[in-house]
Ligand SMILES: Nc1ncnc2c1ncn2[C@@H]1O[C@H](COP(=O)(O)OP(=O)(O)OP(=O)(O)O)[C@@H](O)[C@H]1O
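Only one chain is shown below, in structure tokens, and it's the form predicted alone.
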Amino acid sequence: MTGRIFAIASGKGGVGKTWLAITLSHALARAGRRVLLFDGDLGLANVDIQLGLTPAADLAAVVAGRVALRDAVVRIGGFHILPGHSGSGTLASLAPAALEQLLAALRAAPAYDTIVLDLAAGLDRPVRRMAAFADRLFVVATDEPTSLTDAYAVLKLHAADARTRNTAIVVNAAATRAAGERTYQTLARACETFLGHTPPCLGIVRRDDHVRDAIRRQTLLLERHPNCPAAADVEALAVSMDARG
């Protein structure tokens, strides 16, 4: 049985959620974890695109029963990826029973002690279900007003679930650590005022041109630029994830 399942969510696209899921998975694998990154953006998947992968099978084949989950994974950087399926509305509207069967297969996967779910942006039913399924939910935000508004919407949606005490905020693309802390405090104040609790800050990832370079070249940041500021920040996130369980 899988040890822990982490879901990475955002209210809107363009905040670096998928890049963060990839890089966190890589950092956890470098720390000795047996990691599966699940591309849960059902219908608009792009983990494989960011890494320049051309998988022989993907999530659609698993859902259709053509291949087993273990036979659809791709290995890169010491961790495994279950690629999603781009351009298909069928997975975005996956039947509840099929989604539950898929999640059960993930939970029972014996080869991994950590699974990272890269969720789609937004609040659709499959996204909400996968977020609730995870042991911990990390909501990614930047300092852009629309990102803050949409991140709060995600936090509000899960506020009624007692497991949201296992929800945390990650600030991405912060100009400085101090700026990232201000972004977090903006979200934290809204949560405390209107939701009655304050999700902790898991960490802050600084804005770094090395990230853009790695994405452009479809490579892993921790391999291409292992000593850059963003790499250090993500590795600190991985340590914090382990420490908080």
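Numbering starts at 1 and runs along the sequence shown. Keep in mind it's a predicted model, so treat the numbers as computed, not measured.
Keep in mind the form predicted in complex with this ligand is missing from the figure; the text below concerns it.
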So, Q50 and this ligand: in the model of the complex, are they within 4.5 Å at any heavy atom pair? yes
**Asked** Within a 4.5 Å heavy atom cut-off, is L37 in contact with this ligand in the model of the complex?
**Response** no
Check your understanding: Would L220 sit within 4.5 Å of this ligand in the model of the complex, counting heavy atoms only?
Key -> no
Tell me, yes or no, whether R207 is in contact with this ligand in the model of the complex, where a contact means a heavy atom of each within 4.5 Å.
yes
The one option of R212, R66, H197, R189 with any heavy atom within 4.5 Å of this ligand in the model of the complex is R212
The one residue among I115, I169, A121, L103 placing a heavy atom within 4.5 Å of this ligand in the model of the complex is A121
The stretch from 93 to 101, 169 to 177, 71 to 79, 146 to 154 that lies within 4.5 Å of this ligand in the model of the complex, judged by heavy atoms, is 169 to 177
Of the residues spanning 51 to 82, the ones with some heavy atom within 4.5 Å of this ligand in the model of the complex are none
